[in-house]
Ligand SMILES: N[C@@H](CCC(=O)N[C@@H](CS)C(=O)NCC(=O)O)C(=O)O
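A single chain comes next, written as structure tokens; it is the form predicted alone.
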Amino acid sequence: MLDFYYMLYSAPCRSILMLAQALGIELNKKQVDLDAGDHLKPDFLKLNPQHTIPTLVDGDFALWESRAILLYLVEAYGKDDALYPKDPKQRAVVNHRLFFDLGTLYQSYVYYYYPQLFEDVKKPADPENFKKIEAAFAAFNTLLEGLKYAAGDKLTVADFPLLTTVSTFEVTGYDFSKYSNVTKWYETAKKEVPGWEENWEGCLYYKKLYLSEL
């Protein structure tokens, strides 16, 4: 069994929980209380010197960074290449969507909301950073044109982190209804990605912990 160090409110952690369900992997879940400093304890630092979650341990192999974990799981434990195609061009599109989520869509959330939520001296909303959210969703809407899923006509590993990202935007109160392709994809993904219920539970937990002041 794989050890999984996580917190349910974390969007990157939730993407791995959902993928594990899709792959039929049983995880030994170990909650890491960041507020209590669990991630800075010596035993955890031995596993992950960057002291971040999620962290996965498979035997004597430890890995962190959620999208690296997603790709490891799908390559090591996928029964076929359905979620991560072997065809170089199809795989490149999947990789693009993963990097788009990391560097553009999820990052736009970080730019706009994190200063309001997580800095020692919380800052007011910055309209310029809000524009980054709008630009990211507009780009995602364009990428989804003519597609049922994030990277084509089949569900892939790319849909998992994008789903946790968009659901985090939703629970935070961002209205993306004007992006019709995103809305259509989101409704499909909620129904078809395994583990949606646990993901939404994590979203609501995140809202309870951090979003009351927005």
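Quantities reported herein were computed from a predicted structural model and do not represent experimental measurements. Numbers follow the displayed sequence, beginning with 1.
The form predicted in complex with the named molecule exists for this protein as well; it is not shown, and the discussion that follows is about that form.
Asker: Open or blocked: the named molecule, posed as in the model of the complex, superposed onto this form via site C-alphas, with 3 or more ligand atoms within 2.4 Å of backbone or C-beta counting as blocked?
Answerer: In the model of the complex, the named molecule occupies a site that, on this form, remains open once the ligand is superposed onto it.
Asker: Any chance all of A82, H96 and A158 sit within 4.5 Å of the named molecule in the model of the complex, going by non-hydrogen atoms?
Answerer: Spot residues vs the named molecule: no contact at all.
Asker: Using a 4.5 angstroms cut-off on non-hydrogen atoms, would I53 count as touching the named molecule in the model of the complex?
Answerer: I53: contacts the named molecule in the model of the complex.
Asker: Using heavy atoms and a 4.5 Å limit, would one call T164 a contact residue for the named molecule in the model of the complex?
Answerer: Contact check for T164: no, nothing within 4.5 Å of the named molecule in the model of the complex.
Asker: Since only the chain is shown here, I'm wondering whether A62 would be in contact with the named molecule in the model of the complex (any heavy atom pair within 4.5 Å).
Answerer: Close contact is absent here: in the model of the complex, A62 is far from the named molecule, nothing within 4.5 Å, heavy atoms only.
Asker: Would G195 count as touching the named molecule in the model of the complex under a 4.5 Å heavy atom rule?
Answerer: Close contact is absent here: in the model of the complex, G195 is far from the named molecule, nothing within 4.5 Å, heavy atoms only.
Asker: Pick from L117, A139, L71, L102: which has a non-hydrogen atom within 4.5 Å of the named molecule in the model of the complex?
Answerer: Only one listed residue qualifies here, and that residue is L102.
Asker: Of these, L34, L147, L47, V171, which has a heavy atom no more than 4.5 Å from the named molecule in the model of the complex?
Answerer: The option sitting close enough to the partner is L34.
Asker: Can you name the residues of 62-81 that have a non-hydrogen atom within 4.5 angstroms of the named molecule in the model of the complex?
Answerer: Heavy-atom contacts to the named molecule in the model of the complex: E65, S66, R67.
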